[in-house]
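Listed next as structure tokens is one chain, alone, in the form predicted alone.
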């Protein structure tokens, strides 16, 4: 067998880890802290980072204006702020949006290019060193080189990556997720599961990567009852963050597949969270790929304790009050956009436009 496996991120996992590892913040003279408006503060992560920086006598400035699903304009604003303050390394605190923005900002700080030029290209110069601190258990972005940005001119989300976009250090402290609502806890957990599942089924999967994905799926399975009963304690939070990190490691090597390609439009046009958009597609995705990967999909169903794909679909609609109805025009547009995503080509079963259109119609039926 032939495969590559590279995990250059130092992952520090556990409660209270930042205050016990302040020396790992010595990546430069001045840090640009990139975060959103609230999560870094509410979680306590920002306080811990400030403690670490003060303890090591490192200067810092804070850009706390990252929006959900950051745009090119948003990362350009953060880059200008970082350059003005002469920062020489970056610290990302938050969910997927701050980490996506931070990776783009770290690249733009060293490359004099338009943010749109990041898409589909590897920047010439290395990014600034990056520390990543997740406050959700979903994206796994703390251990990946990927940054997903909203591109209004393309009506969708697009990603870029560079070998130097891997964080140098990731601090995964499950206690930072205690301030999350049940809705966000569910949506981010479902996002992590979609990463694990899609990586396991990807055409780029390898035996070693399958081990990582299955370990993450088992961790997620241990959390399912607690998620359903809204009884998420410290042990469950730790397992969810573990699953999320494993999902990030897994998709680093395989990418995602059809779920992500179809889910982007639901987030961009309908405002659904990324994880929620993904899981609305789960049942159709499993059914579509079953004949091509029956052993793997049955293995996943067995680990999760489901007797059928229908049971799985019911679980992954946990917390979904109502699905949007899509018009024929919307379905046609979303299908075109999904077919334009690179990850469609990694799906285990070959995908054509009519396949995607049929899935959208069956899930979001009533289209007129």
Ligand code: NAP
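Note that the coordinates shown come from a computational prediction; the quantities given were computed from them, not determined experimentally. Numbering follows the first chain given and starts at 1.
The same protein also has a form predicted in complex with this ligand, omitted here; what follows describes it.
- Here is the short version: of 127, 265, 136, 279, the single residue with a heavy atom within 4.5 Å of this ligand in the model of the complex is 136.
- At least one heavy atom of residue 37 is located within 4.5 Å of this ligand in the model of the complex.
- Residue contact with this ligand in the model of the complex: residue 191 places a heavy atom within 4.5 Å of it.
- Shown alone here, residue 236 lies farther than 4.5 Å from this ligand in the model of the complex, counting heavy atoms only.
- Mapping the unseen interface onto this chain, residue 184 counts among the residues with a heavy atom inside 4.5 Å of this ligand in the model of the complex.
- Of the candidate stretches 50-58, 313-321, 37-45, 300-308, only 37-45 has residues whose heavy atoms lie within 4.5 Å of this ligand in the model of the complex.
- Heavy atoms of no residue among 346, 361 and 364 are located within 4.5 Å of this ligand in the model of the complex.
- Residues of 81-106 that come within 4.5 Å of this ligand in the model of the complex, judged by any heavy atom, are 95, 96, 97, 98, 100, 103 in sequence order.
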